[in-house]
Each structure stands twice: as C-alpha cells, then as structure tokens.
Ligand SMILES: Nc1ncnc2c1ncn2[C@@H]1O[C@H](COP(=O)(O)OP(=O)(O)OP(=O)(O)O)[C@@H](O)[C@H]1O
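The chain below stands alone and is given as structure tokens, in the form predicted alone.
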C-alpha cells in the first residue's frame, strides 16, 4: 500500500520550492510522520486560541445586544432606582465641602490648570460625569448659582438625600406618581412654613445686621479669615450699583460690579473703587497720565481712515494719484480729530482703534486717548461719569461729555499699566480690586466674593432672614412631621421622608467638624421640641448654640431656592423609568444602548 504525504517546507530557503511529496511503501505511518502531524496540530491550536477567545467575546456581545433590545424582565421601579442611585453618588463627592470646616477639592482641567475650591458649582463644572442622572446635578448647581449665588453645595447634598429616601418606597412597589404627589405637597408646606413661621424681617438700614448675615455666608469659604473685609467690600459694591427709579429697585452685579484681579500684594489690600479701573494705557507715551476733574468723551467708532473691504480695487492713473490718496486719508483723520477737539475733552476712550496720526493730533490738543476698550467697560464708564457713548464724531454735543469723575490717572502694577477713573460724584458702577499671592488664590477669592455679593443683593431685594447652622432644616423637619399625621393614605410616608431628608444638612455640618453625629442630632431635636426653632450647630466646634445669639443667619431667598430646586429635581428624576442613549450601529446590528 502506498501513502503519499504532502509536507510543507518551513525553512525560508526552501519556501520557493513549494511542497514535496514523500512516498512511503508501508501499511502504517512511521514515527517521524506522526510526530510531525501532532506538532502541526499543536501549532494550529495555539495560533487560533486567541481567535476563538475573540469569537466568544463577540458572541456574548451579540447576546447582550439582543437582550438590550428586548429588555430585561424587570419592573420600571428598578430602572428608576438605577437612575436615583447615581444622584447620591455625586452628592457624596462634595458632601465634605459644606460648613466652616469644609474641605477643598483640587481639580485639574483639560488644559492642565488647577482649581482649588469648595464651591459646589465650581467643582461640578470641572468634573466629568457620564451618567445622565449625574449630569442633572451640574444643572441644578448652575441654576442655584445663577439665581441666588449661594447654597450650591447645600442644594446638591439635599437633592441626593431626597432621592435616597425615595428608594425604599420604590422597592416596596409604591408607584412613583404617589411619591411625586407627596413631594409636591411637602414643598408647598415647606415654603409656607419658611415664610410664616421661621423667617424674620430685616432692617436694610442696619449695616451691622447686614454684615452679620454676609459674614455667615463667607465664613464657610476660603476668605473666611478676611470675612470683615469681604463683607465691607460686598456691601459697598452692592450699595454703589443700587439704582432706584419710580419705585423700582435694580441691582445688576454682573454688569456693573466688575472684579479685577492683580497678582501681588496681600488680600488685605483689596478694596472697592468709587469708579472704574481698566487694564489699559494711553496710546502715546507723552500724553497726560494724571488729570483732575477730567472731561471724558466715550466713542464707539474708529479714529482712523476707513479701510477697504476684501474686494476693493484702487486704480491709479498718474504718479500724483497715490499721493492724493494719502492726503485724503490724512484729511479724514484730521476732520475726525477736529470734531473731537471742538467739544474740549480731556480724555477720549473708544472701543475701536486709533491711528498713529490721530494720536498725534490728539496729543497736540492736550487730549489723552485710550483705545480698544470692551463694550461692557465702556458702559460702566458711561454710568460712572455720566457720559454718553457716541457712534459718529459728527454728532458730538456738549452734553455727551462726562464730567462726573474727579480723577483720571495711569498706574503701574507689576508689568502692566492700569487706567483709573475714580472719585466719581454719583457712580452707579464700580470696580472691585483684588490682590493676592497667586492666580489660584485670586480665582478662589473671586468665587467667594461673588457669593457674598449675591447674598448682599438678595438681602436688599428681599430683606428676610432664617436661622443658619441647620436650625431652619430642623425646624421645618419638625413641623412637617407634625403635618404628616394629618395626611391620609400611603402618601404620608413619602411626605414624612422629606422631613427626614432635611436632617442631612445638620448631620453633614456635625460630621465635617468631627462631632458625634447621633448625640448631636438627638440633642438638637430635643432643643427644638422645648426651646424654640433657632437652635443649630456651630460648624466650627460642633456644639449646639442659639443662632439668634451667635448671629448666624441665611437669606430667605437662598433657602427657598434651595428647597425648590432640590425637590423639583427629585420629582423630575422620579418620573424617569428608563434611559436610552440613542441608536448605535455595532456588530452589524442596530440597537438601543441602555445605561
């Protein structure tokens, strides 16, 4: 019997010869042929082991994809619990940032910069959250910051706790609509309790009382060591931009109270200018840098010749034509400068550019010029000195010139020149000058000062106070628990859970200062049951004190916004029964990706 075996030649020298045939004249294989066959089979298995693993992984993915299309056999309550579990996880991240003994978070942004803060909005603005329910945390912190400027950490902690209290009811099979109805009723009662039973009125003319309230706000921040200075700066700035017309009161901090940060010096050197400061220098080195009682002219136009558009063509026929073009440009600039000189200003500030020739003509007339000023800065200068911004020099009039400023001067800090327009008679705009050791210190100081400014604004717009240090939460919790007994049906249990969730604020304050949480909360409940609703926790020592005697108060508007935002966000997330990220093409199959 003949066996013909084809053997692959594996040496590179013989690879071109293809394969060779071995003719064996026997009825069975020799040992060397059997060994070669087993060797080839072993090599084949080793080469394909990774491919088999990869195929198995792909098979499992296809099974999971089909399950995600069909959906697991779970109730909608389990999906809601999955949504709600993400919210307390985000709240736990910044729970240590509440109170006077709050810890700082060091965050690194994508560009490599470092942010050190305990402000809830600033922290969540920098971190990356993948889960959609967690992303809603960032939104409520931003809403709280834009609306009232304070309480960003409290609203996140409270929202996470309210959602955590809803989980046992979902596990027991209670419908989310029943929980939502109870939460809405609790929110209405909380607002009524705050307005009628807990809050007190504030005399806006009592500056000492205003300072105490603002100090309780900045006491939990980085600038708590300089709380007296921060309070004075915040109140001076808010009173400066306060505008009352026809019974209407307007306090626009964002537009008319600008914060300028100058590295160097110490925080004690920070102050509020009775006027405006710009990071600008005059356009010519020989222009005047110090003018008393200046006449200021504000422009929104170029002091240079009109530049052509991208498709402009200029045809020159004679050798004198180009000279004539230059003369026309010079005549135009000269006419513009003559219109300005006619109203006799001392300082010209424009939002656009100033040509070198225009600077020459203004210098000859004894006028100092500043160019390329921001629109917002120009509006603040106009409000501070009484000038009117003019768009065309041909329309200049005497009443457009501002005469409300007492001093114009250029100063140098470090390597930069700054323009000061100060000693204004009735400025309705101001600049807050911040000094500090580094940019990180200045950035954190600015964030803290913005909170103080918003608290001062809220006090003047709605002069009502509630006790701080967790006293308000404990008082509202006690009254809600009493009202829960009058509610019929199963709704009283989610209603009562809201009152229990409010305890997270005094609990976190006690936890962050190292106190015994169970003992402190038990003693605090006993105080509220017997001695009134102004008892709270001292965030420095963890002791139970009377907030009225200690002078720790919060604005009513901040507390109401905190409760509204937290509960309405919890209601919104309780209505979600599933999360679908959209249609994704994967492994040749269209499917809905579930979180």
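Treat the numbers as computed from the prediction; the structure is a model and nothing was measured. Positions refer to the first chain, counted from 1.
Here the subject shifts to the form predicted in complex with the named molecule, a form of this protein not shown in this document.
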Here the chain is shown alone; which of 556, 544, 567, 552 has a heavy atom within 4.5 Å of the named molecule in the predicted complex?
-> 552
Work out which of 100, 265, 176, 463 lies within 4.5 Å of the named molecule in the predicted complex, going by heavy atoms.
-> 100
Evaluate residue 509 for contact with the named molecule in the predicted complex, applying a 4.5 angstroms cut-off between non-hydrogen atoms, and reply yes or no.
-> yes
How about residue 153: is it within 4.5 Å of the named molecule in the predicted complex, going by heavy atoms?
-> yes
Look up in the predicted complex whether residue 377 has a non-hydrogen atom within 4.5 angstroms of the named molecule, and give yes or no.
-> no
Though only this chain appears here, would residue 220 touch the named molecule in the predicted complex if you measure heavy atom gaps against 4.5 Å?
-> yes
Out of 280-288, 391-399, 91-99, 416-424, where are the residues with a heavy atom within 4.5 Å of the named molecule in the predicted complex?
-> 91-99
Could you list the residues in 426-461 that come within 4.5 Å of the named molecule in the predicted complex, counting only heavy atoms and keeping sequence order?
-> 451
